[in-house]
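Next up: just one chain, as structure tokens, the form predicted on its own.
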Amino acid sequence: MSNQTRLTLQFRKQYPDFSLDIDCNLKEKVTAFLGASGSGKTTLLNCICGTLKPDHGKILFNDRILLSTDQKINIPPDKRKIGYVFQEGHLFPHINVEGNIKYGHSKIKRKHKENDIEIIDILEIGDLLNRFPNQLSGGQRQRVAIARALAMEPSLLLMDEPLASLDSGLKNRIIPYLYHIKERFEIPILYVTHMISEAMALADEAYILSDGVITTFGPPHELLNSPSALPIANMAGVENIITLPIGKSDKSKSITELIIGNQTLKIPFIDNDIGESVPIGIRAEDIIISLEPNLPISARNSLKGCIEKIENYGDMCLLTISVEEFHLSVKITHSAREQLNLQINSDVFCVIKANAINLLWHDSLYLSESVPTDHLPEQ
């Protein structure tokens, strides 16, 4: 939220086989709730917007009571002045883009009618105004849905996995638009997602939601090292998520070196300051195990470590390897383990290609330097 904004959430919603128990005070401008499917993310947003009523508790936005079961207050959804962007956009199919954006104007007392022009400009949808939703790409539909929510001048904006239905290429094109919205408008945003990279790009603070309860919270890049983040990372196919400081960079060689204890990890060049921490993700199957350092192969990284745990993982073998103060998960075949005669306490080298390292922060946030335009194929 902003410095002047506070959202107090203290409520419980009970179902026969699931309960959502929330107790938190949100103050940052953009707050992300991270969680796997079924963790309660959408239920949380529906309780805040008023389409679901908690069994007991309270929801306060600044000094305004939106819900209080003790005081028997439950403000109707259309009176809460909350914008909502859904996963699928939910545009009105029989209304063109301009009509979709203007929907709801007659229901509110608008303070800044000129905002529509700026919203359309920021989201680059000016040449789409006469089109209908079935004439838009997935990315265009989502941008129109965001524009419609903003044009209603909400006091609070809820976003329910707005990029989940898009492929990775489209996600990377939409994220910069969301970042510009965050920078330009003084509207607090609650953003729910199961993608750590989206939270890294947009959120000032993040909460991890698991089975209806908050397990941890804090700045997104700090949560990457939390055990509570592992289920989300595994769901996204990234078992190893760590944050490392930049040691040095060489643009001419297209290499940046991260410091991991007394060793270094080379990644593709990024133009960040020396000493700045960078969150990275590495898939367990993208790490090669060797008994010797400096193999004559193209992989740039060879980190020395020690095997702490060996587990069967279906038709694979899952190793937990201690590298400096970190623990890396590595998947190898059972035959590879036998061939290398790997045992607990064996010293090994983790060989990692630089392009196998996912720069969670850089890949999402810094895409905002080159916002796409609608003349590109498929927006």
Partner chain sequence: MRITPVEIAALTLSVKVALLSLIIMLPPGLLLGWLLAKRDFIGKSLINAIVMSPLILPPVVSGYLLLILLSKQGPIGSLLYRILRLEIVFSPTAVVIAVSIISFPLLIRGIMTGIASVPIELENAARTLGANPLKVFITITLPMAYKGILAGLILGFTKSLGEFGATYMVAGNIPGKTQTIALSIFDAVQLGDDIAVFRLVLISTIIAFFAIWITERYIYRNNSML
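Numbering follows the first chain given and starts at 1. As the structure is a computational prediction, the values presented were derived from the model and not from experiment.
Not on display, but discussed next: the form predicted in complex with its partner chain.
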- prompt: Taking heavy atoms only, is Arg148 within 4.5 angstroms of its partner chain in the model of the complex?
  reply: yes
- request: Spell out, yes or no, whether the shortest heavy atom distance between Pro76 and its partner chain in the model of the complex is within 4.5 Å.
  value: yes
query: Contact between His94 and its partner chain in the model of the complex at 4.5 Å, heavy atoms?
result: yes
query: Can any non-hydrogen atom of Thr51 be found within 4.5 angstroms of its partner chain in the model of the complex?
result: yes
query: Of the options Met152, Ala284, Ile187, Ile289, which one has a non-hydrogen atom that comes within 4.5 Å of its partner chain in the model of the complex?
result: Met152
message: Can you work out which of Leu244, Ile82, Ile181, Leu170 has a heavy atom no more than 4.5 Å from its partner chain in the model of the complex?
response: Ile82
- prompt: If we take heavy atoms and a 4.5 Å cut-off, which stretch out of 118-126, 85-93, 296-304, 244-252 is in contact with its partner chain in the model of the complex?
  reply: 85-93
- prompt: Does any residue in 331-357 get within 4.5 Å of its partner chain in the model of the complex, counting heavy atoms only, and if so which ones?
  reply: none
